[in-house]
Ligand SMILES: Nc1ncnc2c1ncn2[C@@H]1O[C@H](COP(=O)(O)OP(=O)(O)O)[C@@H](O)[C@H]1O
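For reference, the chain that follows is the form predicted alone, supplied as structure tokens.
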Amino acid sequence: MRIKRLECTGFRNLAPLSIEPSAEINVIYGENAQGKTNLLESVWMCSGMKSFRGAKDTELKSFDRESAKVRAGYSDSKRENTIEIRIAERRTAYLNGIALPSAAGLIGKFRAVVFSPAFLSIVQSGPAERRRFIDAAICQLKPAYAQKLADYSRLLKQRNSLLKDLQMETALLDMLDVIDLQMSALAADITTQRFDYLSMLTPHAAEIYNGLSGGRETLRFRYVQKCGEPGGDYEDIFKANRKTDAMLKTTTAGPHRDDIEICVNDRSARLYGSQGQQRSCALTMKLAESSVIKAQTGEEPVTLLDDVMSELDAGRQDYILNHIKNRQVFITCCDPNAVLRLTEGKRFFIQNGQVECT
């Protein structure tokens, strides 16, 4: 996939812009707080996913505007396409001029992978961040998976609400049976798809991390279940845990409690990894995600790298620059020379939201 033209109006602090990026490396450089990450975010919004910075839609508009618009002309292996995102009280999306039911309708149409310093939380924080990573990655390959997650989340909320009243209203047991039956099918499917995705991700990640570390370190993953087996009978699990769940007033087992263990040299990267190792793990997972998309769809996703070079030694920087060739990349930094020393591309200087191709 290649973006051929990007236009933004009223997005974050960016002045109205229209740029024609390089088909390969695009370096966005400038001082801090000038809008570099905002430019990457505008590209990411075309994926149909929510802001990778956790922002609400209303926060994506310039403070003095009532609406914002992002328009991207891009090509995939089949045709030329146009995406338009309009942001007011909520996001609306158009693909080739046709309105979609929601912005999520773009998921799977335009694929992108983004790394930012915030993604260190994949390694450093709790299980929720790692579940969020694998679920978002699966959604890029299988857009229908997003609906399964939403359905499971809705049922989980209903189940937890019932658990709070169960001791007083035993008549609610019949309703709980119905919810457990519906949840069990979704839980088994979600868990199986996570296992399958991790099996695809692992060889790509191992190769990338081996290159990043110069062959000195190994990376592996392990899917950790709170309870149950992949594709197992979650209905029995939910029923077996009812007494405990009712006492704690929450559902204690299921894919919403699972984790992905990330190990460097067979030791937990979260507990024992250095800052450089943790950063390398997070970056590896995002680059491997890109490789999986290419292997499964034949389409190379657009790669967005925000402040990726800081805190990496020269050897790891060189590996990244070599590894991201032959795909369209948008990369932010303060010093463009460090990024362009191994390849050709376009440079965009940004200051106070004004973007200029240099």
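Source: prediction; values computed, not measured. Sequential numbering from 1, following the sequence displayed.
Just so you know, the form predicted together with the named molecule exists too; it's not on screen, but the next bit is about it.
Practice prompt. With the named molecule left out of view, choose which of 318, 66, 31, 299 has a non-hydrogen atom within 4.5 angstroms of it in the model of the complex.
Written response: It is 31.
Worksheet item: Of the options 303, 37, 26, 47, which one has a non-hydrogen atom that comes within 4.5 Å of the named molecule in the model of the complex?
Response: Partner contact (heavy atom, 4.5 Å) among the options: 37.
Worksheet item: Is residue 18 one of the residues lying within 4.5 Å of the named molecule in the model of the complex, judged by heavy atom distances?
Response: Contact with the named molecule, no.
Practice prompt. Please run the contact check for residue 313 against the named molecule in the model of the complex: heavy atoms, 4.5 angstroms, yes or no?
Written response: No.
Fill in: Close approach of residue 323 to the named molecule in the model of the complex, 4.5 Å, heavy atom
It does not: once the named molecule is placed as it appears in the model of the complex, residue 323 has no heavy atom within 4.5 Å of it.
Worksheet item: How about residue 291: is it within 4.5 Å of the named molecule in the model of the complex, going by heavy atoms?
Response: Output for residue 291 is no: heavy atoms all beyond 4.5 Å of the named molecule.
Worksheet entry | Listed range touching the named molecule, judged in the model of the complex by heavy atoms within 4.5 Å, from 52-60, 291-299, 323-331, 66-74 | Within 4.5 Å of the partner lies stretch 52-60.
Worksheet item: Quick one: which residues from 192-207 get a non-hydrogen atom within 4.5 Å of the named molecule in the model of the complex?
Response: Heavy-atom contacts to the named molecule in the model of the complex: nothing from 192-207.
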